[in-house]
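Listed next as structure tokens is one chain, alone, in the form predicted alone.
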């Protein structure tokens, strides 16, 4: 659906080169909700602007639905861009236009007649649950309502891809949850592929089936969201995943394990079984349980006695129960 190959973007500022993104390779399948996450300055905005060709990449190609956008210009590029919808952080609504007129704007640019526009806009207003706000101006809308208008406008041309650039970062937690639910429903009902640009891992956990972590213009981890959150983490990704390990010298001589409980194992009393079966004391240092894509995921950092035989038996027991265990240094 979207294939990015060796993509780089370098800006010239004050006779100096600033590398925004470098050697990006990415593949988004049709129907994905693909999260691209990174801190401020990681290159997320440059990447999304290259995907829809608002920015010209310095090197590399962007292929969307079989069409190489980097080879197009003029009318051909404008035509292909209509297949890519965009949702913005700050909504980007026309303040002098009503909700209806904001959604109708891209349809008028496309040359649709009045009857076609009327039918399409009313249908979209129903989809985003704003039918009663058709004649209201943006100044009289809440943040969540403004973003719903933005989503309806982005869907006006029936795009195959929807780019969501920090689309919930200006919203409160309750409204964010509602907007994410709407995006998930749009993905399912319309079959639209979503690329979600965000600095919030909670957004990725809530709706993205795949994720790439961007740092300093490069991808440092990618894959199925649940796998990225459960695989052994490097120092580079730990601050995104939210893991930390105590280095307290009082723990020296003991074995520390990071345990990851997925699916059914996250809901079972496996640790108490370990204590009973091995007759060993287990010290819990930290732990959490959360849901990723309706999939329960639990993480614990525990401490066992330093005996190597106990460690081997514990690892065997945990593996048999479907728990991933990593020995921490």
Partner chain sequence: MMEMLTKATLETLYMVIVSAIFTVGIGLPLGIILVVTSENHIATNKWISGVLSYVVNMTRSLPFIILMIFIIPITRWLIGTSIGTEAAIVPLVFAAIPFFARVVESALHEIDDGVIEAAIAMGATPLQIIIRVMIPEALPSLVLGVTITVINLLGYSAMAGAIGGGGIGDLAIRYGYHRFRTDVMLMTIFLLVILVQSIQSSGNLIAQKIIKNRRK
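Fair warning: this is a prediction, and the values are worked out from it, not measured in the lab. Numbering follows the first chain given and starts at 1.
One more form of this protein should be noted, the form predicted together with the partner chain, which is absent from this view; the next part is about it.
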Contact test, all of 216, 219 and 289, partner the partner chain in the model of the complex, heavy atom 4.5 Å
no
Contact with the partner chain in the model of the complex for residue 92, defined as at least one heavy atom pair within 4.5 Å: yes or no?
yes
Taking heavy atoms only, is residue 81 within 4.5 angstroms of the partner chain in the model of the complex?
yes
Partner proximity in the model of the complex: residue 201 to the partner chain, non-hydrogen atom cutoff 4.5 Å:
no
With a cut-off of 4.5 Å between heavy atoms, is residue 136 one of the residues that contacts the partner chain in the model of the complex?
yes
Only hit among 63, 285, 280, 54 for heavy atom within 4.5 Å of the partner chain in the model of the complex is 54
Given that the partner is absent here, state which listed stretch (179-187, 201-209, 95-103, 219-227) has heavy atoms within 4.5 Å of the partner chain in the model of the complex.
95-103
